[in-house]
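Same protein, same chain, two forms; see structure 1 and structure 2 below, as structure tokens.
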Structure 1
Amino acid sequence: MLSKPLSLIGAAAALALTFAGSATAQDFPNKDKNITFVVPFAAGGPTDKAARDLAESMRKTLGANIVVDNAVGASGSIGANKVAKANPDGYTLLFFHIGQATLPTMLRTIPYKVETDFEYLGLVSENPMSVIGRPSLPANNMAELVKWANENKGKINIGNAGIGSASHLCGMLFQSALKIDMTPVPYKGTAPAMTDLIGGQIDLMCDQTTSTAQQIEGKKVKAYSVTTPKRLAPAVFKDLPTMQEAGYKDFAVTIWQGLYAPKGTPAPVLKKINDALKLAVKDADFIKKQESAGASVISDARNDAAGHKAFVGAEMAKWGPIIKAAGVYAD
């Protein structure tokens, strides 16, 4: 006797939930609510800058306010985990870089699964890195830097945004190319590391060009090389050699960044966000901001979920063995 009313109640509840779900999806975004881009590094750094540029562009087409939440720490895994566990309603999104593919190998444990805990919303940009030094370093070019590094073995420190971050990965490849061990100094993002580099507290750093362009131009830091196989077009970088030109023939690292939602976010909500992302990568303002600092905007199959996910998988497969061979892990 009891089972019928109970199953009726269950069916009614399920129906109500379905309606509530589709109403939410249809109304998305609610103009009275903020959409939050969780950025897992400090404000003022390259990931933060790219996220704010994207937010500015997507705000125009979504018609909703987008705010940035710098949820920093543990090389970006704190912010990523925050989104993996967030309500899947489209209002909490993760803006993250190559760390999405490298952290699972570089950190011994992460509290989320890259493959199954996120909806992939599309990649937006690619960013070369550049090797820079404190302004008081005696070396003025790559050859002098290599000579100085060899003369100062055991005394050199290199800043990064935590084990597993892009700057850590690049710095690790740099040390292995030069065959010189340096002392890593971790920060909660490369913005605070840059402050210390300018102040001379640390010697070297490898960071995205979107973060280094202004500092190089203002002569606040010394610049030595870029990490792409080809030289970069912007005036501030065009005279810098690539690491390959400097003699390190396999050296190539480019950072990419994209947007993620928690797993289970309704498909119509994902579509609206993805539509806005695809308009952003065609937005002249957004493109100009990235290109003027040596980055490029992605406009291909990786702007969609399937292409984005396949690319992250390929990057995990590419970097995993390199990271393992270098033996760099952290708990």
Structure 2
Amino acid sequence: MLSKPLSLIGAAAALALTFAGSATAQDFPNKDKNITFVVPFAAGGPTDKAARDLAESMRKTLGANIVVDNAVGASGSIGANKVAKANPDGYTLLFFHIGQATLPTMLRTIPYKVETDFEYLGLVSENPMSVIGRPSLPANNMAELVKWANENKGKINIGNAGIGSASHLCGMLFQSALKIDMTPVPYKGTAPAMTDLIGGQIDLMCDQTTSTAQQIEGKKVKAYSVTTPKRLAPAVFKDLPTMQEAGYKDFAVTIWQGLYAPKGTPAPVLKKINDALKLAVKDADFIKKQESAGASVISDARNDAAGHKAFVGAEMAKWGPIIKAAGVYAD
């Protein structure tokens, strides 16, 4: 019997894969199969909350259950790597914040490549930061805080949710702006850091408004400033000056959140997910939940893959020199 030419066998195999991919895309999402949002941080934190709010909204469009998997560790790279190595079928997605742009510089080794191992689905929201202090801190406003910090050089502890976290990045910028070195105290998440700040074990923290709003409103911490160019609208923040108003004209930072799929996920699957994301950022309930915590929902070119990827590239270029200058690395 004559064997089939290798070229025909290869063509047949490629055709079979094409049809298989089309069938997978056409059937996506399977209503009996969960979509998983991998969040590289602990449950209860701001990234986790935003992911769960987004999952609830996107569920309405996709018609499939979306669950959150908190894959914690290595400053977020464990969760990111889990998605980078996942089956590219649209059922495992990464919900990650600014760390997607900063970890390649901050980590000495990283098991994936941000630029090539992911499909970019779009940015979702961005969270301002606020500078807060322990309730017993003698300073009652930003001017007094700067004076106190200058009088206590070498004695100040500034907490964060872990190396590479949003609060860690903001803390580095804060120290750089004031030109005062402080002792960073990393925790395994925002919650334990906030507990110690309230208890007076640490002096300061710069964290996302989604984490600080309730504590500020309850007067459990002292609030000094926000990190946006303009003051924030929610009542709990409206009386807080910006860092720029306090005299630090180049100090502006928000912590953005984005959604990613493994490289090679079929284009029709990506489109379905992206379409659901674009509807979610216009969902009144989702917008209300984000704004009530001081976050802003993104609704611009960054909701698309190209805009998202270009923005992440710009953020990598922005933060790389800052991190290198600080000399802070996570192993």
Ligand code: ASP
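The first residue in the sequence of structure 1 is number 1, and each one after it adds one. The term rigid core refers to the maximal set of C-alpha atoms that superpose within 1.5 Å between the two forms. This structure is a prediction, so every number in the text was calculated from the model and none was measured.
The form predicted together with aspartic acid appears here as structure 1. When the rigid core is fitted, residue 321 shows a C-alpha shift of 2.6 Å between structures 1 and 2.
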